[in-house]
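Quick setup: one chain, the form predicted on its own, written in structure tokens, and binding and motion questions come after.
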Amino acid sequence: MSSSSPLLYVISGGDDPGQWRGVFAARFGDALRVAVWPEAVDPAAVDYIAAWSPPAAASFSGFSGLKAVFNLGAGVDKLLARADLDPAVPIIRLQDAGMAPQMVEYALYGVLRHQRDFDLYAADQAEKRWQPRLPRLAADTRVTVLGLGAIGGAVAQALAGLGYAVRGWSRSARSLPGVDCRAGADALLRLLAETEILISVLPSTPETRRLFNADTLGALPAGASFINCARGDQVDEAALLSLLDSGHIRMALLDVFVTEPLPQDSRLWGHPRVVATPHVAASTLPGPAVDQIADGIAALKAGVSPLPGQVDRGRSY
């Protein structure tokens, strides 16, 4: 491997950060050198960083030749929160990398659990109660997807394609085939009142933190369900639990939480109206992720601006 090849440094708190060395080597060959934290590198020699949930002990200081940081996922809140990352260095987030189909499946599971009363049948089974219910059509099931980026937009369109009455919401106006798109803060509360199943695929930003509180969740019609496959800091968990206790929220499918792993003493573990999963709704697939990073490096070399997936720090996504 040529010492003149660009150097990419992988800084990951994932289960097996070393896996990325082989994936990058298979994709780039000798055209890219790869090092994996915590192995020592000369910070001034690093051209690119690929990061995911970087450990607090890993420093982002001293990378004087750094051209970009590639986030090995969609959520960039942990990178934006780092004071040691030069704000002049562009952050590039993955726009899909195999996550969209997984998120569609996760959302569909939650939608079907509500639409076909599988949550109610689970409660019936626990009580040995035989109580058939008339099924409902997808077209009669009002689903709202919040966040219409690459992944949220795929979720909304997939559900619309299956016949659901889908509304979508984003901060700025979007247009998606088959989806009734709304935009802006004023439209949100009105939309919630029309929603039977609420799905969040929103990024974590100052505006979305604790967005789902007593007021917003309470604006849903009684008996609505809530699916959060976005970020845990968007939810006031105490308010959600209160609405679940009262039955105003019929069912919650939660993949993300304020504190992860979910604390052992959290009531969300055992609540009869909650299905909890350990942040697995959509995982980055190494092959597609590296392909996107390769495209990003090529765009950097070509002087493309803004870069595909480049994070707007003012918007936090």
Ligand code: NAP
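All residue numbers refer to positions in the sequence shown, first residue = 1. Predicted model, so just to flag it, every value in this text is computed and none were measured.
Another form exists, predicted in complex with the ligand; not displayed. Remarks below refer to it.
*Asks:* For this chain shown on its own, do 152, 256 and 282 all sit within 4.5 Å of the ligand in the model of the complex, going by heavy atoms?
*Replies:* Affirmative, all three are within 4.5 Å.
*Asks:* Could you spot which one of 148, 159, 92, 198 gets a heavy atom to within 4.5 Å of the ligand in the model of the complex?
*Replies:* It is 148.
*Asks:* 192, 179, 244, 99: which sits within 4.5 Å of the ligand in the model of the complex by any heavy atom?
*Replies:* None of the others qualify; the residue that does is 99.
*Asks:* Is there a non-hydrogen atom of residue 115 within 4.5 angstroms of a non-hydrogen atom of the ligand in the model of the complex?
*Replies:* No, residue 115 stays farther than 4.5 Å from the ligand in the model of the complex.
*Asks:* Taking heavy atoms only, is residue 141 within 4.5 angstroms of the ligand in the model of the complex?
*Replies:* Judged by the heavy-atom cut-off of 4.5 Å, residue 141 is well away from the ligand in the model of the complex.
*Asks:* Is residue 207 close enough to the ligand in the model of the complex to count, meaning some heavy atom within 4.5 Å?
*Replies:* Yes, contact at 4.5 Å.
*Asks:* Mark residue 174 yes when one of its heavy atoms lies within 4.5 Å of a heavy atom of the ligand in the model of the complex, and no otherwise.
*Replies:* Looking in the model of the complex, residue contacts with the ligand include residue 174, since a heavy atom lies within 4.5 Å.
*Asks:* Using a 4.5 Å heavy atom cut-off, which stretch among 230-238, 213-221, 131-139, 116-124 contacts the ligand in the model of the complex?
*Replies:* Checking each option against the 4.5 Å cut-off leaves 230-238.
*Asks:* Within 56-93, which residues have a heavy atom closer than or equal to 4.5 Å from the ligand in the model of the complex?
*Replies:* Going through 56-93 in order - heavy atoms within 4.5 Å of the ligand in the model of the complex - the hits are 74, 75, 93.
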